[in-house]
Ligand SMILES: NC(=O)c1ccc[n+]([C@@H]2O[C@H](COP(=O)([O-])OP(=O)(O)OC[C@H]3O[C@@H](n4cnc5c(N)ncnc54)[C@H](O)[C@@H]3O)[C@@H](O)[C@H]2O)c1
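In structure tokens, one chain follows: the form predicted alone.
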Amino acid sequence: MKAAILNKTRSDLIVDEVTLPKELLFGQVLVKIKYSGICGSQINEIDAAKGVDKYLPHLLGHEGSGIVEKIGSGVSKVKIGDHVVLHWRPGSGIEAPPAKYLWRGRKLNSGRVTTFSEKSIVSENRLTVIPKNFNLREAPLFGCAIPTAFGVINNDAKVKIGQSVLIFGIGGVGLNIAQAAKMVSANPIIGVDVNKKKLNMGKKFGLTHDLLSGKNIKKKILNIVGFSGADVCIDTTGIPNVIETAYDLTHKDGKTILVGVPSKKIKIYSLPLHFKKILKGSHGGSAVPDLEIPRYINLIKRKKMSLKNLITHQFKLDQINSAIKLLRSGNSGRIIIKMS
């Protein structure tokens, strides 16, 4: 099979032929990948944002859709022919060991779920079955972007009706945070980004106010939410000075939720944390895939929720480095890789 491989930190991925293991281990599932999303987490992996990468060379990708081709011993959650979402947050089922592939005669590492390949061996608990009539092109959004965004609103921030929500970074996750905030009747819902096109898209998903990042941004935000600050401030960028701004603009009784992973230390005045102010890092929105993905599909069927226009670009696997370059530029929504 063909796969995109990270062989060297801060370098392009290598698209090459990879050999699958001959047998599946206990709890493993072989999935034919139809579509994969690209997330900022893959950019962090490529750049080794969390430190030295000890697993090179390895495969990447943690949100995708596909069809089950083979199951290992012990697997009962899925069967051959099932349509599935691949997600990085663990659900029910066996926590299987990561697969070991071969590339150019040497071991190629993998996590319990990877999606930048034509086929993938996945741990049973990283799969959720979806209806066969659901669009597999849109299904990768359930692997990370949607559960993370909706989980930030529902699980991490626990936004209440009428609370103000401020979102920094209106990309794939930020758009869905806006949508989720609208669905729980937050108001106002303010988006801040450097890209006007993203902000315009955000208004279609729930933003009541859109602001271009720059000079006097704090003053503009406080003019909307009031001098005391926003009830909930959410950062998706991982940029240290943006995180600091989000924290400063949070009400003394409010919550700052960090979705983006900073590459450097941040500086904050911590005294308010001793009272009612909360600063919290989100881990995928604390999502529970088996429970939440079926709910989202049901909402979409009933036209209470929309995936329309979230995907802005589609590439082939051979073009994955161009897709990553576009994602880095900030000029896209969610990008999808279509496998052959």
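Residue numbers run from 1 along the displayed sequence. Since this is a predicted model, take the numbers as computed values, not measurements.
Another form, the form predicted in complex with the named molecule, is not on view; read the next lines as being about it.
Gly172 is the sole member of Gly172, Gly151, Gly202, Gly254 with a non-hydrogen atom lying within 4.5 angstroms of the named molecule in the model of the complex. The contact with the named molecule in the model of the complex, taken as any heavy atom within 4.5 Å, belongs to Gly284 out of Pro272, Gly284, Pro57, Gly27. Three-residue candidate spot Cys39, Ser213 and Ile239; every residue lies within 4.5 angstroms of the named molecule in the model of the complex by at least one non-hydrogen atom. Taking the partner from elsewhere, Leu222 is found to have every heavy atom lying beyond 4.5 Å of the named molecule in the model of the complex. Under a 4.5 angstroms non-hydrogen atom cutoff, the named molecule in the model of the complex has Val192 among its neighbouring residues. Remark: Val259 counts among the residues lining the named molecule in the model of the complex, judged by a heavy atom distance of 4.5 Å or less.
Contact annotation: Leu327 falls within 4.5 Å of the named molecule in the model of the complex, judged by heavy atom distances. Note that among 117-125, 182-190, 245-253, 231-239, the stretch whose heavy atoms approach the named molecule to within 4.5 Å in the model of the complex is 231-239. Residues of 82-104 placing a heavy atom within 4.5 Å of the named molecule in the model of the complex: Trp88 alone.
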